[in-house]
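Take a look at this single chain in C-alpha cells; it is the form predicted alone.
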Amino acid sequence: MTFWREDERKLAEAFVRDGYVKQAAESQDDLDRIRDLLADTTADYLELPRATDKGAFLDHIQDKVEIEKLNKLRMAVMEKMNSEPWVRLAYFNTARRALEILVGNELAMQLRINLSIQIPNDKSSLLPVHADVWAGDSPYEVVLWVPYVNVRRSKTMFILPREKNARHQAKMGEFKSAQDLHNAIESDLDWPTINYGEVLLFTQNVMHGNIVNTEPGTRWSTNCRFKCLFSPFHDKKLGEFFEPILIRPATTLGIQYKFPSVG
C-alpha cells in the first residue's frame, strides 16, 4: 500500500533516482512575467528600446553588452528582480505543486533569487563542478532552476545523476583539483535540454556546474533554494538566508498554544 498518488509517486521516484527532474512550468503567465521583467530591466539599463520579442532580445544580448560590463548588468537586473514584491510568489508558482511533492507543504524559500547570464565564450561566469552541501548548504534543500531561453549542450548546466554521484564521491580523496574531478566524471554527466517554458528541480547534494557556453546565444537562468520548514538547517539559517513562505494552520496553532497554569 502507498500513500502516494500515482502522478506524485512517479515524480518522487524520478527525483530520488536521478537527483533531478524536468517539467513544464506550472504557471506560464508567471514565467512570462519574470522573463519580461528581466528583458525590460536590461533594456532600460543599457538605454535601449524595450524589445517586442523578449526572448530573442535576451538570447542575443551578447550583441549589446561587452563581457567587461556583464557583471554590472547582471547585478543591476538581479537587484531590480529582487526588489519587486510579486517576483518571489511568481517564481514559486512556476513549480508550486512539484515543490510540495518533492520538499513538503510547509516551506522556507531563499531570500534572494540568483541570476546567471552566460554569453558565448565568456570564461568569467563559470561554476566549476561542486555540490552545494560541501559549502554549508543543508542536504534537505531543492533548487528550482529556471531558464528564460532555450538551453542545451554547453548552454545548459551539467548534473551528475545520484547513483554515479555516489560512486565518484566515494573516491573524492583521489582528486587534486576541480579539473581532475571534472575529467573523472565528464563521461557520466547529464546535460539536460530545457526549452523556455520548462523548469528544472534538483538536489544540490549531487555534483553540478557549467562550462564555457559555446552555443550561439546567451544563457539567462535563475536559481532559488527551497526546503521543508522543519528539516535541519545548516550554515544558511532561517531568517538569514531563508524565510518561511507556507506555514499550515495546525503549526500556527501549535506554536501559539500555551498550557494552562495550575496552582
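The structure presented is a predicted model; accordingly, all values stated were derived computationally and were not measured. The first residue of the sequence shown is number 1, and the count goes up from there.
The same protein also exists as the form predicted together with a small molecule; that form is not shown, yet it is the one meant from here on.
Colleague: Find the only residue in Ala108, Leu160, Ala95, Met157 having a heavy atom within 4.5 Å of the small molecule in the predicted complex.
Modeller: Selected option: Met157.
Colleague: Which residue, Thr41, Asn213, Ser221, Gln62, has a heavy atom that falls within 4.5 Å of the small molecule in the predicted complex?
Modeller: None of the other options qualify; the answer is Ser221.
Colleague: Would Gly55 count as a contact of the small molecule in the predicted complex, using a 4.5 angstroms cut-off between non-hydrogen atoms?
Modeller: Taking the distances in the predicted complex, the answer for Gly55 is no, it never comes within 4.5 Å of the small molecule.
Colleague: Is the gap between Arg152 and the small molecule in the predicted complex 4.5 Å or less for some heavy atom pair?
Modeller: Although the small molecule is absent here, Arg152 would stay clear of it in the predicted complex, with no heavy atoms inside 4.5 Å.
Colleague: Is the gap between Ala90 and the small molecule in the predicted complex 4.5 Å or less for some heavy atom pair?
Modeller: Ala90: no, not in contact with the small molecule in the predicted complex.
Colleague: In the predicted complex, is there a heavy atom of the small molecule that lies within 4.5 Å of any heavy atom of Trp145, even though the partner is absent here?
Modeller: Contact with the small molecule, yes.
Colleague: So which of 31 to 39, 45 to 53, 200 to 208, 231 to 239 is the stretch with heavy atoms within 4.5 Å of the small molecule in the predicted complex?
Modeller: Answer to the contact question: 200 to 208.
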